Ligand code: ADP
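Here you get one chain, nothing else, as structure tokens; it is the form predicted alone.
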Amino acid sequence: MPTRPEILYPLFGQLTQFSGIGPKIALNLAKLNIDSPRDLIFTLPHSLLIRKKIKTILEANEGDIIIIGVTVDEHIENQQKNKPYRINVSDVKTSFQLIFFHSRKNWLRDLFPIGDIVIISGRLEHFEGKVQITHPDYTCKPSDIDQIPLIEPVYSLSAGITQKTLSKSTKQALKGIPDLKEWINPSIINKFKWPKWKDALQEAHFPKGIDQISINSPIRQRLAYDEMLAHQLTLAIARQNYRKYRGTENLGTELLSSIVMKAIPFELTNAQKRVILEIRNDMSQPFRMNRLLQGDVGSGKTLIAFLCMVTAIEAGGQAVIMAPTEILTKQHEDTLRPLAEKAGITLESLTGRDKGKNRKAKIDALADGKIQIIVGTHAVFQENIKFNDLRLAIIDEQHRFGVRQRMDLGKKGDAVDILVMTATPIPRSLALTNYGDMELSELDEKPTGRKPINTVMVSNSRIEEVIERLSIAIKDGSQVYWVCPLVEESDYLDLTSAEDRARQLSSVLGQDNIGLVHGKMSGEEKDKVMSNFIRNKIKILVATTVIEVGVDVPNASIIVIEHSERFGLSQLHQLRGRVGRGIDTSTCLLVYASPLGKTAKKRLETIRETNDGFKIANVDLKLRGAGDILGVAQSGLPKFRMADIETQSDLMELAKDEARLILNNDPSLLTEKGKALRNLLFIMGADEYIKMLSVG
């Protein structure tokens, strides 16, 4: 691991070095993710407390935080338990009370001697017609009035931590900030009129006015950009590290591709043609491909994946596509095998379900190169699986794969090209944040003939009416998905389970018409039910969210999502995407339980109003935040302390361009500017990426 420069040591010392922080407070600070002086200075105030100096409370409004001189008139001690201790005081014109709960009376008598003038600060309140200040935050002699700050930063707290503790310890931490050479390009600093790093931190913690707390202030922008630049540098280093190992120039002959194209009964969209060219161009380069393919539900990603795998076969290698579930693996196999057979390509599947001789035969055939395309779950990337000559690895729907996992996949062959596909549209700011190490392709067109899905919100009080309508629909030849949030009945949640709903629908619509699929069933059981649904032997498939991703049954034209208020926006969009794949007009019924909360209502209305996955993703980002969308734990999405990727995506774009330019000019960060940037990476905790930098 590279060594942290000595100049940065003060930022990473023990918190207990500061007065006011003992072991207990240090533990409480850890709950706020504050473990070092650096963490203290990176924990910025979220608002300001502004005090007004006044002579009499008659000059103030309720809620004002005031500084005022008062004469102590009387102590009123209440003998009843849990009743407050009161002190009558008067200013130059009127009188009011100071209120104290659970305070020691001797201490209060010493602090407020009768007849003395005392300076106090606190929030003015009215209670039962009386003016009062409860627990003044500052108390001092008239000669010390200037020690009470007129403007004070307000921090987020946890149990056992007060504003004074954070403010006092931050002040001490700020004294240890070293003088460092600038790492941001001077043209950027001049353009935005940003302060120096050290000055920005000082001003962020001791702002002169409310405008300096704003996310758009030069101070906050500067600090946000530092964080974003460090993050984008780590992604650019990962990208550089990935590309420095030579790739294989996978040039297709078009012989097999032309056979596949003739077998496809429709014309590719312009977006599909463009994306195939982008991917094939990357595959033909002497460096390894690392690309993300984003496409909305039903935009035709699987076909693109197959055509690119065919290119890898034409170039003499093997290809793998990894799906998140066994259901989707089976579907990929069923969809792609006929096309593979026409082109004389050997395609097989491999999941955790393959056992014994069958499994060994497949593993041996992969190692010998007899299987050219393998479709599977994560089982295909287990250590004992060896490929003869893997050229292309495609990860379908695994948008939770972080940078490190993507790099690990590349180790399955000598020079594996990586393509990650997601049908969960990701807002541009998140794509930049989580996939800055990758090139990006977008499928922004749907195949011709796709009709928009009619989406309707229905209260669960009308469930009988819904079932009645479905009875008519299935008699007319329609097939239906019915999605429930739970597999079986729960003692803790008042929700209809998939098992209960399947039983009820069977009793009303006939057992032969109803199938049930959920995650607790074995793969064979799920496959059997899905196969019957695909062959139209079952009319209504009751399921949990196992059918969320990629399942394709063109004859299914209705989806009922029960307790839809409990699902996330992108999940609702994915579920709705199971219909609208055939020639019939499709319907999505969002069944909800009243009363709807504000956020749940916004989610359902968004789904009802648009079929555009990218618009939906942007609303989802506003409602839930970045971490929830990508799943912070799995995605490696950084937890920014000072940057807001939702509102500062323009800065992230700038940081991405700048990071790539920096590494193009100084790949090992060895120039003076490069060394300053190494300091930034150390400060931001990106030590592991510094060791990836090539030397020379």
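The shown structure was predicted, so the numbers you read here are calculated from the model rather than taken from an experiment. The numbering used is simple: start at 1 and walk along the sequence shown.
Keep in mind that the form predicted together with the named molecule is not shown, yet the notes after this line are about it.
With the partner left out here, the named molecule still marks one of 77-85, 511-519, 289-297, 358-366 in the model of the complex; by a 4.5 Å heavy atom cut-off that stretch is 289-297. Proximity to the named molecule in the model of the complex, taken as a non-hydrogen atom within 4.5 angstroms, holds for one residue of 539, 222, 581, 205, which is 581. With the partner omitted from this view, the residue of 116, 179, 267, 525 that lies near the named molecule in the model of the complex is 267 [heavy atom within 4.5 Å]. Although the partner is absent here, residue 301 sits close enough that one of its heavy atoms falls within 4.5 Å of the named molecule in the model of the complex. Within 4.5 Å of any heavy atom of the named molecule in the model of the complex lies no heavy atom of residue 372.
The named molecule in the model of the complex is approached by residue 272, whose closest heavy atom lies within 4.5 angstroms of it. Interface residue remark: residue 450 is counted as part of the site for the named molecule in the model of the complex, having a heavy atom within 4.5 Å.
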